[in-house]
Ligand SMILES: Nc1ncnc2c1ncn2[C@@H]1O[C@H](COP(=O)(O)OP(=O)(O)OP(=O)(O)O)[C@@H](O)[C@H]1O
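Starting off, we have a lone chain in the form predicted on its own, written out as structure tokens.
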Amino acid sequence: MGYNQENYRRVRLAYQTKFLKAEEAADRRRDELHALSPALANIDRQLSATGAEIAMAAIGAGERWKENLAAVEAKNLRLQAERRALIESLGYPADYADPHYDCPHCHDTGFVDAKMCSCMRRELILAGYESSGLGNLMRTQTFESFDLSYYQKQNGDRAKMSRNLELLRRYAEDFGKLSPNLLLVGDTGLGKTHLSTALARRVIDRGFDVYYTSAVGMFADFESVRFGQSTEEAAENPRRYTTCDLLILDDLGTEVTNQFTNSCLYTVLNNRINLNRPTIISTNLTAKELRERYSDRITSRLIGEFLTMRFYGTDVRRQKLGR
């Protein structure tokens, strides 16, 4: 499991910057108070010295080391109380010169006792949403918002789609390197994108790097790099197709198919299979149409290395328009 490395670097840098800004702002406020009160400046100098005194007392020898340590600690507490009272007498809050961190737990470092703080994990999850390629879809397309009432109960479609919903929910909860590749097959408007988006969100929430794109978008990225006209972002995308923990490729079959796109698709599929990195592909094509459209090397992997999940029903988008 691993967050997207670019997101991790960006979030870590943001935390380092935030921490330094909080410390620098505290230094400015302390200098402001020292200019108003030489007595406060003297207390702060004594407090700085007590840190070394506590350390020396803690490692001191002899029978009286505990008493010495207690005396230094008592002195430290007395100075802190005097400091707070003096700052308040100047008309400022007692913590005016202290660093004001956004997170009281990690003090804007991102870590507590060498473990990632929940605030940093939340920032990485939000960054994962942004870099996943899903945009605003994640706000509305969740497992909870998937409405089974659009699928007929009488002919069994609702039961089949209910099973798909639970299988994909479980897939998201158990996702890992050993998760199978999935091929979501069915006509347009049956919920493939909705459930893929819901699954992606949950997998990102659990700390994995997910990349979601259309087949057309993926081949456009490779095309840009091929002709040397790509931006830095477009050049990075082809690497993400291999390195992300989970790749979700939507609408396979809507792209213009040629030797170049076949080669790109084979490379992505083969690399991910060899690296044990799961892939989910959705398509409107049948198994027969896949064989007619793609090379044997591709179809053998789609059929042999992917579990097929069929989607049933009548176009939900049209039903929503009619209601």
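Numbering starts at 1 and runs along the sequence shown. Just so it is clear, the model here is predicted, and its values are computed rather than measured.
Missing here is the form predicted in complex with this ligand; even so, the following discussion is about that form.
At a distance threshold of 4.5 angstroms between non-hydrogen atoms, Gly189 is in contact with this ligand in the predicted bound form. For the chain shown alone, Ser118 is not a contact residue for this ligand in the predicted bound form, no non-hydrogen atom being within 4.5 angstroms. At a distance threshold of 4.5 angstroms between non-hydrogen atoms, Asp147 is in contact with this ligand in the predicted bound form. Taking the partner from the other structure, this ligand in the predicted bound form has a heavy atom within 4.5 Å of a heavy atom of Gln141. Annotated contact segment (heavy atom within 4.5 Å of this ligand in the predicted bound form): 193-201, selected among 102-110, 73-81, 193-201, 216-224. Comment: this ligand is not present in this chain, but in the predicted bound form one of Tyr171, Tyr241, Tyr151, Phe208 has a heavy atom within 4.5 Å of it, namely Tyr151. Scanning Asn68, Gln46, Asn284, Ser295 against this ligand in the predicted bound form with a 4.5 Å heavy atom cut-off leaves one residue, Asn284. The three marked residues, Asp251, Val316 and Lys320, each reach this ligand in the predicted bound form, with a heavy atom inside 4.5 Å.
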